[in-house]
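To begin, one chain is listed below as structure tokens, in the form predicted on its own.
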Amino acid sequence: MSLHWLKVAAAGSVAAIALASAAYAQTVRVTVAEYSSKTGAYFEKAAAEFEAANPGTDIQIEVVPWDVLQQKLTTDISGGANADLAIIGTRWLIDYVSQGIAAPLDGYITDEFKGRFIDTFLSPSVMDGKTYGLPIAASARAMYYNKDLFEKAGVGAPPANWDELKAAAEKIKALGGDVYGYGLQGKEIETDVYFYYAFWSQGGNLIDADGTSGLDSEAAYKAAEIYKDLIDSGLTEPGVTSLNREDVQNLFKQGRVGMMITAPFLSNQIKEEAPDLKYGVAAIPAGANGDRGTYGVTDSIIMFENSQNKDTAWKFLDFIFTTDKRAEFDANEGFLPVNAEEAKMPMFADNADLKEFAALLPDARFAPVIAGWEEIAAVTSNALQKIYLGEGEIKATLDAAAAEIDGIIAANK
């Protein structure tokens, strides 16, 4: 081959490599948490629309079930195989930030973009003045109740406090048959959170002012007594520690649970899976002093610091956080609006169930923004399971958990 053809071939190879590199630079991988059967379809559709509007881009969606998401991300990150963007529990974010895994987004965020959000849901992703995530999903918790069971049992209104809840559960139990007064989860994700509803109503704080655990307190002991009494009195479903949130929600959809506390997305599930079920949504029961707290939850989508495609990744984030795309996602999944204009849309503004959840937002509590929170939550859940199973006395078990949590807090300072 002549020198001329070698030069042409070399030039062609360089051009091919450049084209391949350019194409690669436009590829964005997104790890998506699976909220429902609609999640993957939504993101695939959004990816296709974005690619059509941005020729040369390739948005690759990987949908991962929630129960394995954290392990999946940990494995990918440790192997340097993580995506460009990923949905995470916002409570994990501080660990990602402290380890330099999450990239700050402030260089991309304009005043217009920031103005799209309801601040309640954006603020949990802001740390040390920098924004490390965007609220992809937001919800609070409220109490669902079965109107048919209430009517049959002679319960006139949803309970305002825990004493009224127990009395209502007793009346529902007295109906006999395969129904339970109060649905209580004791397995997997949010087992600790379910305890917090009673704990906050007794005036408790997860982390006290001195930076230590609040589990070794009268509020915690009283909250545990409330739940243990419901279990021991046969007012919950049997085998509490064997049922996770979805299990209890399924019992509710089957018309077998009088009351349970969970998120807005159950409303969508009921409409699709149990359209004949008559239910209501009410505030979480208060304590004797009128205290109550709902769990405010955001999941964030973050950009990884090691992403080689940050500009394109940001363009995709900007696209899925437009009002119309947010409305489509939240309507599909049954989440609260995070976008201020979206919240004004009739599908949200006129939704009676969502209004009940929105009314609780002033009482919303978020998981503390401290390193090691997932480990702390696991310690709490393990302690509660021991109490629910009768394998540990309330005070001793919670005191031991508090001491272990204090050790975790100290180790992460």
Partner chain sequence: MNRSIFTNPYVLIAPAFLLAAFIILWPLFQIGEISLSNVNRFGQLKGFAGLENFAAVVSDPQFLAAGWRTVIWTVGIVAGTILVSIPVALILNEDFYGRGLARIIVMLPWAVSLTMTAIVWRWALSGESGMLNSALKGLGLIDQNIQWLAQAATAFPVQITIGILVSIPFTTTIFLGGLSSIPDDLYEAAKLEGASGWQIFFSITLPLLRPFINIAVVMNTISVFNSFPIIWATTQGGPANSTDILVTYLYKLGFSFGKLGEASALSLMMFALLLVFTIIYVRLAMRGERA
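Residue numbers count along the first chain shown, from 1. Computed from a predicted structure; not experimentally measured.
Beyond the structure shown, there is the form predicted together with the partner chain, which is absent from this document and is the topic of what follows.
Student: Go through 363, 58, 49, 374 and name the one with a heavy atom inside 4.5 Å of the partner chain in the predicted bound form.
Tutor: Exactly one listed residue reaches within 4.5 Å, namely 374.
Student: Exactly one residue in 153, 320, 77, 282 has a non-hydrogen atom within 4.5 Å of the partner chain in the predicted bound form; which is it?
Tutor: For this set of options, the contacting one is 77.
Student: Go through 111-119, 125-133, 157-165, 242-250 and give me the stretch that gets within 4.5 Å of the partner chain in the predicted bound form, heavy atoms only.
Tutor: Contact criterion met by 242-250 only.
Student: How about residue 238 - does it come within 4.5 Å of the partner chain in the predicted bound form, if we only consider non-hydrogen atoms?
Tutor: Yes - in the predicted bound form, heavy atoms of residue 238 and the partner chain come within 4.5 Å of each other.
Student: Should residue 311 be counted as a contact of the partner chain in the predicted bound form, where contact means heavy atoms within 4.5 Å?
Tutor: Flag for residue 311 set to no.
Student: Taking heavy atoms only, is residue 382 within 4.5 angstroms of the partner chain in the predicted bound form?
Tutor: Heavy-atom contact with the partner chain at 4.5 Å: present for residue 382.
Student: Does residue 54 reach the partner chain in the predicted bound form if we count a contact as any heavy atom within 4.5 Å?
Tutor: No, residue 54 sits far enough from the partner chain in the predicted bound form that none of its heavy atoms falls within 4.5 Å.
Student: 147, 289 and 353 - do all three of these have some heavy atom no more than 4.5 Å from the partner chain in the predicted bound form?
Tutor: No, because 147, 289 and 353 lack any heavy atom that approaches the partner chain to within 4.5 Å in the predicted bound form.
Student: Though the partner is not shown here, which residues of 90-126 have a heavy atom within 4.5 Å of the partner chain in the predicted bound form?
Tutor: Heavy-atom contacts to the partner chain in the predicted bound form: 95, 96, 99, 101.
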